[in-house]
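Given next are two forms of a protein chain, the same chain in both, each as structure tokens and marked structure 1 or structure 2.
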Structure 1
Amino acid sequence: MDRLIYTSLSAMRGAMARQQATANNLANASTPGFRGEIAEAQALWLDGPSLTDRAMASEEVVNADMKAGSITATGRDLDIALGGDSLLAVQADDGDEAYTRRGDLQLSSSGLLTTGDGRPVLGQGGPITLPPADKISIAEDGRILVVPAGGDPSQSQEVDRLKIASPAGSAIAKGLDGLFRVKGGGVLPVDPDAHVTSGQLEESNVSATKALVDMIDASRAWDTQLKLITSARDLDGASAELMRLPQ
């Protein structure tokens, strides 16, 4: 039987992987600061003694789409939206510094500042812990200002400064926990032009229309490969018919 069916099968696997990536993008359309994934196919030529005539398709999630998501005003003091392409430094589960665009910050009972999915936010020297405060505000440059409990509301004090990193010039990739890390390890430099707006939240950057088109595209690619497999089956059947000995 023609090896074509295996080539098609590889493309179908790719289409399915692309469909899952698109489904994940659509499912995360309401996750704050989520960055959609881009799936892309590449040809894998199989070298061998025979004629190189088959390219297996390899579908991969190559990168995250880093364009900014839309920003919604929430009025909550601890919601921040990052300007430009800067990233907020957080501590990943393995203790490493990782990056996110998620800006719905929370305060735990011990005063630890975390993102909405529970990652401790990093400041000048590690995770940020805030003292009991009457008011917490985040300045445009990422400085965290608090009015201590019982303090003068007009005299806010700087406690720490969010580490806002610039990914310019560094290759970053999304890890299995959905956080960004520098490829090959290392940390990103602090962004000198960091710009933060508090009281606003960046939404997911998934474009539903684009994702729906991707979805139809993957479905059709799947169907086309299916057609090829059925054609190969028909051809195979025809040649078997031809070879049949007359009764």
Structure 2
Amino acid sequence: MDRLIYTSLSAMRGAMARQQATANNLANASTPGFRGEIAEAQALWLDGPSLTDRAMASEEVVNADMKAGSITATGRDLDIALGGDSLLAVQADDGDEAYTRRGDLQLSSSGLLTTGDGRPVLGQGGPITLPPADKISIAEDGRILVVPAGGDPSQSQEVDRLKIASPAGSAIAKGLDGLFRVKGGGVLPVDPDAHVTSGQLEESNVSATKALVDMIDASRAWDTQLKLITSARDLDGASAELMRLPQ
């Protein structure tokens, strides 16, 4: 009987992990450049003193769906859409270099260039800080061009270049903060063929409709396993009643 209970509990943990991943995907269905999280089941083995016993399953977020999102024209100078599989380098909260596809760049009051969620964007020498300017534009190769305040509009100056990295040949993983990092540490190399398109944004690749269906599916899986546990409890009670000696 306990085997049925353990199996159901394992399936319930999986359904809960799937619901968490789906809820996060649904919450970020409108976040620029967001990559949907994928939860998958993995078998876990318990090593006993003399043999390996029971194979249980653990479902958790193991990867992200890296397919491209749709591109929307915004006409805003600081909105960029990354081409191919390239990733934009940003500074994570712990100071390490991390990567994102989010391209809704912002300029703080101090001139610091950040993503829409406040991550400092990295350039050739670290976080990018721009001087007061009448116009800021981003070239296709990632160069940042500005027309200084009061300067000649026809004389743009290059102040830095976005670090656009290539994940080709490197194992990357998505963290709880939504940023990608190199597994085991390290940084990604600069993508020599990288290109960006200014005035456009890549949308989230999450389908809200599919996420809702996944949420319902996970909820039904939870209910099914709960019924199995209830049945196991009833069977256990009936067995105990049969074994009871008549008084």
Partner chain sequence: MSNQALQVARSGLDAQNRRMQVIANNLANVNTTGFKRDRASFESLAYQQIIAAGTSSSAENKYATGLNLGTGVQMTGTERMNTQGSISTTGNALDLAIEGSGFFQVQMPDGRTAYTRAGNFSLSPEGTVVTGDGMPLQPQIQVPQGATSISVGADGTVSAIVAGETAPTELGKVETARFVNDAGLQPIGDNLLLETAASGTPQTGAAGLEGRGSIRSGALESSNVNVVEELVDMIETQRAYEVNSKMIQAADEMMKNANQQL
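Think of the rigid core as the biggest set of C-alphas that the two forms share within 1.5 Å after superposition. Residue numbering: sequential along structure 1, first residue numbered 1. All figures in this text were calculated on a predicted structure; none of them were measured in a lab.
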I want to make sure I have the labels right. Is the form predicted in complex with the partner chain structure 1, or is it structure 2? 1
Once the core is aligned, does Ser10 move its Cα by at least 2 Å between the two structures? no
Following alignment on the rigid core, what Cα displacement (Å) is computed for Ala221 between the two structures? 3.3
